[in-house]
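As a starting point, one isolated chain is supplied in structure tokens, in the form predicted on its own.
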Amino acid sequence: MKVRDHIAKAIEANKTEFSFEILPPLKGQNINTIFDNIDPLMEFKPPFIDVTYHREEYIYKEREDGLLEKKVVRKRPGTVGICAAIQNKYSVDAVPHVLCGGFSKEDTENFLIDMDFLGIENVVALRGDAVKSETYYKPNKNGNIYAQDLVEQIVALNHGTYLDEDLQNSAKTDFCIGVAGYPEKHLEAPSMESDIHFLKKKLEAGACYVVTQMFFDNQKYFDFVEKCRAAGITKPIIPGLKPLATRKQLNMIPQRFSVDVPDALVMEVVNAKDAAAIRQVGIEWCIQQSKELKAAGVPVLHYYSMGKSDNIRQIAAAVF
């Protein structure tokens, strides 16, 4: 079932659905690490589960002659297999992320063909971030540059248009496409207005819904939705939430994601006596965020689990 249909059903029933996002396990781990974190969340009946996709990274290994050798690694492979396993084991729609960065258009087309063969109907189209070895994001020479370009390629496949123009009677795919939105603007965007302008372009290109970057102040989300509606964006905007879990995240999240942490939350974390208390502060803060958003009538609350489900389960138990 399409994510847009899950959203429409929730709106019609005046209900807020629960969904979450998982990371593929690190290379060398098995699928049970994923199931162990999904199992405790299934009682809340998620209509769909997002699975992130990870591009290659570069590492440098010292050779015997003392020179450094550049190697390409992918630390978290397995998105295709995980999506298939989720749909098979749980009968829940899996939503793989598709990236521009690190992939040629041919890679992207083949990935989408695999998803289509597996009966996966939903994808989230993302530009992707710079890898650690890059100061700024650098697109693949033969790939899509922006998320809008990626959306356009997926829509072309939905119309039966492949990269090989000589194909005859080519099959059409039928993907529902989600894209990202940024309540505090993307860290590379020069202004909120320009960021919303390009979000609208992604939706006009064929995306069906928006899921937001994490935020810790609900007013940021409400203001963002209002600005989007004023700009003519009418498609659903799903709030993405992440419970703060460690003291280190007070510095890491604003730096890496350009997301503000409210002073009240900062001081609660600073005054917490130990790691367990900090984790509980994050849980309680996210519960209050969730309840307010649910009361406002959002059709879905989407949680970034980062591979751990214990805190997400506590939040869901209090909200759903």
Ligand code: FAD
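Keep in mind the model is a prediction, meaning the values are calculated, not measured. In this text, residue numbers run from 1 along the sequence as written.
The discussion below concerns the form predicted in complex with this ligand, not included here.
S.K.: When this ligand is placed as it is in the model of the complex, which of 165-173, 223-231, 241-249, 91-99 ends up with heavy atoms within 4.5 Å of it?
M.R.: Result of the contact check: 91-99.
S.K.: If you check in the model of the complex, do Y136, F215 and S258 all have a non-hydrogen atom within 4.5 Å of this ligand?
M.R.: No residue of the spot touches this ligand in the model of the complex.
S.K.: Pick from I120, L203, L126, L112: which residue has any heavy atom within 4.5 angstroms of this ligand in the model of the complex?
M.R.: Partner contact (heavy atom, 4.5 Å) among the options: L126.
S.K.: Identify, from the list C208, V80, I154, V211, the residue with a heavy atom within 4.5 Å of this ligand in the model of the complex.
M.R.: It is V211 that has a heavy atom within 4.5 Å of the partner.
S.K.: Does this ligand come within 4.5 Å of any heavy atom of N37 in the model of the complex?
M.R.: Because no heavy atom of N37 falls inside 4.5 Å of this ligand in the model of the complex, the answer is no.
S.K.: Is E184 near this ligand? Define near as a heavy atom within 4.5 Å, in the model of the complex.
M.R.: E184: no contact with this ligand in the model of the complex.
S.K.: Going by a heavy atom distance of 4.5 Å, is A180 a contact of this ligand in the model of the complex?
M.R.: Contact check for A180: yes, within 4.5 Å of this ligand in the model of the complex.
S.K.: Might E21 be said to contact this ligand in the model of the complex, defining contact as any heavy atom within 4.5 Å?
M.R.: Contact check for E21: yes, within 4.5 Å of this ligand in the model of the complex.
S.K.: If you apply a 4.5 angstroms heavy atom cut-off, which residues in 144-159 are near this ligand in the model of the complex?
M.R.: Sequence-ordered list: Y146, A147, Q148.
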